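Coming up is one lone chain in structure tokens, specifically the form predicted alone.
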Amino acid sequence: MQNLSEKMRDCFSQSTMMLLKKVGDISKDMGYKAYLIGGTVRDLFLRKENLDIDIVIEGDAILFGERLARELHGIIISHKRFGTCTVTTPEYIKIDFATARRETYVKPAALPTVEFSSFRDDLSRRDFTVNAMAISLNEGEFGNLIDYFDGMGDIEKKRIKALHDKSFVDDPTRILRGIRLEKRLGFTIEPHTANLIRKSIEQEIYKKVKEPRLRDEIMLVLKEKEPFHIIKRIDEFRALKIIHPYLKLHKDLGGIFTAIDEACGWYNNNSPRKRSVEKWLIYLMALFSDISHDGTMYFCNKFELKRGEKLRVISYNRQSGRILKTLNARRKILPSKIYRLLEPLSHEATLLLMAVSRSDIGKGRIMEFFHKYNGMRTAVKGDDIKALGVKNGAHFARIMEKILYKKLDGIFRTKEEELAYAKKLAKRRL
């Protein structure tokens, strides 16, 4: 039996190794068995960093996690219904624990019926052979590889293989997961598994899956390092209809995704007032650029996007054409006009406009917005306007807005100039 202790020491930090040893010690004391499982084991062989540590306990995982958290002075979050918990150590190492369980599917795509069971049963319920390996953390066998389904052989052959023929019937979300894993690892979905995927798609079993589960898988695809290659592969399986019935892979999408990467890179390096952007959402907007407003609304509602996510996607879908046409125009456009076009948009939508613009003029105006106009404030403050006898309301807001526009256009450079203009505006109703 292959022992991976040395490989573990090479890949894990000293504090993580000590923690895994601690898990083994506690499991012995409680009469349990503990196993490191899943993607962490797979990535040990591939020498890829994986900070997700998943451990299966033959015993009560929540009781185990409570004791570990108590001894380490860590924090535990438990989910009694599923027999799982997450322990975070004072060093911010996070470990997910699950009670070994068996899953049975009463009907295709239904949520499984779960019952606590043996460790081997737990491995048998997993999606692909490369994810169904484990490493023992128990005394006398610490570091021993457990590989009932020849996941190691499939790693060596660089292939993705389903554990059984009903895998994609039981859980159609594995279609997207398998394709995502194939492209991330640089593997190939082996022919029989590929046929199982195609058959599941033809039977449209994915329509029986709860939408939020599919949404989460779509998000994970778009959060990958190179999502276009995954989307292209999904299209090769004729599976884009899982996302939307009218979704097509238009020929420019690869170039647009590359341009999105470049726009986000520029933003991160050059925007003085940058805030974090959700890059996956920019990819999603690009993916839906040829879908109608109603079709985009259908997707957002069906997959229950958060309100903020939905607003950002819809605003781009509805306004991008008009705004881009104005930004790309060769005529002179005042900074205040650029500001009025872009300020109401999310940063995600604005960066996508920058990515899809075929005009250096348009790109330059967006860059200037991020670098100079976004976040500009007037020297005059609200209390200055109130001192002129103007109360909060539409007139107040309009005065502040007009002063800002003049400042953006370079007309005002001092607070005194702004205040003088404010006095004129305060005397008349705008």
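Throughout, we count residues from 1 along the sequence that is shown. This is a predicted model, so every value here is computed, not measured.
Just so it is clear, the following notes concern the form predicted together with a small molecule, a form of the same protein that is not shown.
- In short, of 202 to 210, 73 to 81, 301 to 309, 174 to 182 it is 174 to 182 that has heavy atoms within 4.5 Å of the small molecule in the model of the complex.
- The partner is absent here; in the model of the complex, the one residue of Ser271, Asn317, Asn131, Thr99 having a heavy atom within 4.5 Å of the small molecule is Asn131.
- For the options Asp52, Glu401, Glu66, Asp60, the one in contact with the small molecule in the model of the complex, meaning a heavy atom within 4.5 Å, is Asp52.
- Using a 4.5 Å cutoff between non-hydrogen atoms, Arg233 does not count as a contact of the small molecule in the model of the complex.
- The small molecule is not drawn, but in the model of the complex it has no heavy atom within 4.5 Å of Asp261.
- Residue contact with the small molecule in the model of the complex: Glu278 places no heavy atom within 4.5 Å of it.
- Put simply, Gly362 is far from the small molecule in the model of the complex: not one heavy atom of it is within 4.5 Å.
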